[in-house]
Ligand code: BES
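First, one chain by itself: the form predicted alone, in structure tokens.
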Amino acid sequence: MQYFVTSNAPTTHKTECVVVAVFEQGELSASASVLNQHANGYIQTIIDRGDISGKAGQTILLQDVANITSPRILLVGCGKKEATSENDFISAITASAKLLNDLGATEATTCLAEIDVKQRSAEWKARQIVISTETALYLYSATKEIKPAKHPLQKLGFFADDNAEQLELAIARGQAVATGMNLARELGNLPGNICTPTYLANQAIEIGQRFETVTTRIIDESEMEELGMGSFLSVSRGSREPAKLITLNYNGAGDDRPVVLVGKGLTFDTGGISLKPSQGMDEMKYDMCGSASVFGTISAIAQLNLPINVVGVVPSSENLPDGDANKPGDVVTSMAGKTIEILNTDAEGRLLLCDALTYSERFNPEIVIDIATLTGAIIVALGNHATGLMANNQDLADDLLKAGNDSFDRTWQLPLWDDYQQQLDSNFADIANVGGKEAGSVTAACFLSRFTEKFTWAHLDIAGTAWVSGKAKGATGRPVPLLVQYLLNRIESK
């Protein structure tokens, strides 16, 4: 998709389709009102007739309207005029993008950025239009034949009066985020027999080849053994696929201390000996969405050439039952020297992450954030709307909460109190890998916190937000928008 900004008037601009908002109770947006006046009240007639009520996501296409240069006008419902929410706005963008793509308009110009959305800025709206448009038009085709639109939407314009430069920057950032999200989607949607740890490693190498600012390194099992990563390697023992520790080092700010993003890369998770139920196990290909979000974020910031240093660390493995796989009751030794009693082999993500967190110390990080589809308990707590957040530093937690609100890729903070640590006591090791059925998401973070004492750290549990189930099953690309926004906010605060 290509995007552009124009200062032409909606009534005279030459475009295949102009997109304008209508609201409930028959109210028109500013551009819709101008078009209506030039069309001698025709748009209002359509609304008064009841052809569109203004409910968010409703659409109606008008063709060859008198006195209007564009051959098509697309009316899009945006909810209540004085109370259009972010979700209403995204519904309107998604509906308009899909309709434009299907009707064969290869180029269109949108006026949706002009409407009020809970005091969001014009730049936020432009960025969200790009992200939501790219999301709406994403199609998975790696392992199935699809029939793309004969004349798909290829160019989308924005009307602007005096803020063209700001809109162009917002559009560029939206494109980078959308590209990163689609990369994360594609990796997440690939089946486990294709997207293996080796495949992820090769994708990291490709990112390093694409951007001069990114250096990639792949560590194999023999080197991990030399490093003492007994916890990580205990997970991969049950798989024929060799584990990989992947690092992507983006250098955009010289010698500044980096932000380290640690992404869980379980390319398939059966639960191991503690086998999961068969129903829904196909979705465990999504257990590497944390790593996919790291790939997407590194790609986005490299595309934007941001002045910041970021290191992506991705521990990648499969978790399968085998004669050599972890058994409940086994004790393994982590890179940090702590022994771990494995009470549940399906709590394997933390066994990878703890060694990856210890490995992150060598980068002298200013901040470390891990991203993981870690617990089903977070879905019980927060559903599929918010990412779970826990941190050993409240300033970092506040910054991530703000970035979530800024990007509308929201998080919600849970406690990380010492009260929960005792649930991880073990009679046979320094720590158990699970803490019982109570507060499962919190105790998982408490486990990780034992390996973060030397740096400022936050944990994002994305098990509820990384993918959707059912008929629309697929990866979401979250939390790439949150992570990119957090990094942008850090840059702008300096």
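Quick caveat: nothing in here was measured; it's all calculated off a predicted structure. Numbers follow the displayed sequence, beginning with 1.
There is another form of this protein, the form predicted in complex with this ligand, and it is not shown here; the text below is about that form.
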item: Contact label in the predicted bound form: N344 to this ligand, heavy atom within 4.5 Å; value: yes
item: This ligand contact in the predicted bound form: P71, any heavy atom under 4.5 Å; value: no
item: In the predicted bound form, R127 touching this ligand (heavy atom, 4.5 Å); value: no
item: Partner contact for L374 in the predicted bound form: this ligand, 4.5 angstroms, heavy atom; value: yes
item: Answer option from K338, K98, K80, K276, heavy atom within 4.5 Å of this ligand in the predicted bound form; value: K276
item: Listed residue (V442, V434, I46, L448) with a non-hydrogen atom within 4.5 angstroms of this ligand in the predicted bound form; value: V434
item: Candidate site D406, R410 and R478: all three near this ligand in the predicted bound form by heavy atom within 4.5 Å; value: no
item: In the predicted bound form, segment of 28-36, 461-469, 47-55, 63-71 with a heavy atom within 4.5 Å of this ligand; value: 461-469
item: In the predicted bound form: members of 248-278 within 4.5 Å of this ligand, any heavy atom; value: K264, D269, K276
